[in-house]
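First comes one chain, alone, set out as structure tokens in the form predicted alone.
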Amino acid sequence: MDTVARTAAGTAQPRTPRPRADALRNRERIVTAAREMFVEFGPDVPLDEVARRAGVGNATLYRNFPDRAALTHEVVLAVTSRTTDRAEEAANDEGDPFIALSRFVHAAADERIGALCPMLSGGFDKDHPELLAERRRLEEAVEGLVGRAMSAGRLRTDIAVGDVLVALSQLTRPLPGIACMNIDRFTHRHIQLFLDGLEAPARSRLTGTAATLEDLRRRT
């Protein structure tokens, strides 16, 4: 295989080899297993247990992710990216803007977006450029959903994007180690109750002021 690339000037440059398909699959399996176990047991779950669930050896895990911080970074990035994809799909597929918002909120629950919260504590680098870019993409997608639903008169006007994101985080945040192992079966019921409260016309008066993205950023 030719591992040397030629520049326009004819100078030979080493070409970075592409990861093999099986290596990419192993990496994806590790991230998926870590996401599941962080949800079930919290972000301090032993990494050898993550490797076991992924069906790979410890050496394979550490070859991809040299420490817990690297694996946590990848899990947060993957969950945020997948959640943004769900928001964009809902916006593109649904004609009713409130149905689009509702579809996204339920999809975000399936992605376990609330599971990110315990991972963002301690020395986690929340300001990593990759994460900041993905967070901005998510915020813009959700802002679009909220703005269209509100402009169409389908969403109450005394809330803001921050209210949606905070409620979504709280309603989908796992409780590791609790005795109620089947508590997840209530998640979509409670989310639907939340969505019913968002729909216009408003049936109540909210206390305080709407939570904006700027409010959330000041708290992180």
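So that there is no doubt, residue numbering starts at 1 and follows the sequence shown. Note that the structure is predicted; figures quoted are calculated from it, not measured.
Just so you know, the form predicted in complex with the DNA exists too; it's not on screen, but the next bit is about it.
Across the proposed site, D48, V56 and R63 without exception bring a heavy atom within 4.5 Å of the DNA in the predicted complex. None of D158, E28, D67, E40 but one reaches within 4.5 angstroms of the DNA in the predicted complex through a heavy atom, and that residue is D67. Contact annotation: the DNA lies within 4.5 Å of heavy atoms from the stretch 48-56 in the predicted complex, the single such stretch among 48-56, 148-156, 185-193, 163-171.
In the predicted complex, A23 approaches the DNA with a heavy atom inside 4.5 Å.
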